[in-house]
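Quick heads-up: it's one chain on its own, the form predicted on its own, in structure tokens.
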């Protein structure tokens, strides 16, 4: 087999896209929540490196609960914070709300007295509400207290009035305002409002009339009329005014609306008429995100999916494929799973493959409708063998989920006809590969060599500028049909690294390229000599894509005219930067002349004469320690003064040896200050002692 390490970068760049299709195909299919989500949850919520707030603690606990992760993974002092907030008189409704949320999941406290105090504070907060969020936290907190301790009085003094006050913030398009003083409408606020109204219904069901609930249901229909949609059937909510200060993004907005809808539907018996395809599209939106890299986004995703998993309106079913690349050569089976968004088993159903549309003829199905078999042990549906009409290529398979129980059609959304991109790959058969040198005038074969493109070839040809080079071969699929790859090139590379690339054309199975050297002399820059031959054939669904050296051809070109084009400069090999570099020979400056050693030593001796003179002067003056203080404090200052003098002398020596002037002056300034202080004290002592001796 040929050594592929020697492949040129230019051709590698040309065929680099051949394997991208497998990745692209897989990215178009959504999958239910799985282990990567669990790993991400543990990493995002436990690696913060700080204590979590009550809101973050609730989001972590809720995410862990839905994903089935043990709470021991979460390092948090949540319970102590919960009890502090519930007992603190100054706690806001938001703090009480999240404290009760955490308490509900962690079972921190069940004392009735604690809940009674919290309930009284939340009801008092409702009497002075200024925004939708204040309603949400107060009502939501009371609902939590009712669930945690049913004996506590959480009845609203004016449930109907509170309901109407929130309803008054709704707009004609189904969106809500955050407050009466805030004119901006928000889709996110609509989700919050639905959740809050559901809480009021749970607290005071008897006081909320059916007409009020029907009015909210109409708002929900209007809200879903404005839902955004992609061409692939994905649905999502977003704010109409993205410049708003309250803008949260499509993920947060869609999540809050789904939670609010689910909560309102579970609190009322009102029928909410929303097409099942919308729920399937919302599920596709949340799952197509993959695994978010932010803890807040992960919470929004998982919380919304949990509501889609268990809601009274419609539960979406998800169709996923373990593999979207099927090999004809390996006889791969088509396998499909149908689950809920969290990966639970689906109800009894039939799965049919309605169509298989080829990418180049999207309107014509190559198969008849087929029902997939069900493997109850593996939990998937499958086709034993791909039909003979499916060959190597790119397809779009159209599936349809059919529920067996008519009652399930009322509670499950199947998503209609589901389009899934499928890549069918295989080993392409290469036959009748021949390379020939032809005479230009008669077209007769001068030299012909057969090629075996499954093995290494090393042919040698020769031609002049009056002849032609012909390369031909045939390609067919495992089904025996003609196959046209995405790329087919012949490259000729001269000894001077100048290269030329030609596209190999085809007609059916037959691929052929004819190079007329007489017409190509200028393109070849009249360069005679040896040209290496390489053939590249490849496609994303071709399992045996190849780039093979074929050998070389010796070309005899005419002499270049005076004004003939010159070859372009050869680009530097990018790998040459890693080659061993030439050794650099350094030329050092010749050392300067120095004085004789004896003269240098004599000068060194002379430099000590001032110091010797200094010592002689001290002896001449009769320096002694007779007046050294005997008292401890003066003795200490005298000692420090002497040490300071010695430090200054040492600093002079360092200045002579290594220090620069600026550093020396800085240190000398500090030492001078020190000597001034201790010198003043010792001189004051000596003066006082001398005055006493004179007076005596």
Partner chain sequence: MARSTGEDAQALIRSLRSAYAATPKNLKIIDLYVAFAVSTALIQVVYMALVGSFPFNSFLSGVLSCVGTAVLAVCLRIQLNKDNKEFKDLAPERAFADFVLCNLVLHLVIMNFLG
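Take the two forms, superpose them, and find the largest set of C-alpha atoms that agree within 1.5 Å; that set is the rigid core. A quick note: this is a predicted structure, and the numbers were derived from the prediction, not measured. Numbering follows the first chain given and starts at 1.
Below, we refer to the form predicted together with its partner chain, which is not included among the displayed structures.
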query	finding
Heavy atom contact within 4.5 Å of its partner chain in the predicted complex, the stretch among 631-639, 32-40, 62-70, 649-657	649-657
Interface residue in the predicted complex among 623, 582, 168, 442, criterion: non-hydrogen atom within 4.5 angstroms of its partner chain	623
Listed residue that, although its partner chain is not shown, lies within 4.5 Å of it in the predicted complex (heavy atoms), from 594, 575, 107, 586	594
Close approach of residue 683 to its partner chain in the predicted complex, 4.5 Å, heavy atom	yes
In the predicted complex, residue 211 touching its partner chain (heavy atom, 4.5 Å)	no
Residue 376, heavy atom within 4.5 angstroms of its partner chain in the predicted complex	no
Non-hydrogen atom contact residue 667 with its partner chain in the predicted complex at 4.5 angstroms	no
In the predicted complex, residues of 607-639 near its partner chain [heavy atom within 4.5 Å]	607, 610, 611, 614, 617, 618, 621, 622, 623, 624
Rigid-core frame, C-alpha of residue 651, shift of 2 angstroms or more between this form and the one not shown	yes
Residue 269 C-alpha relocation of at least 2 Å between this form and the one not shown, rigid core basis	no
Core-superposed comparison between this form and the one not shown, residue 480 Cα displacement 2 Å or beyond	no
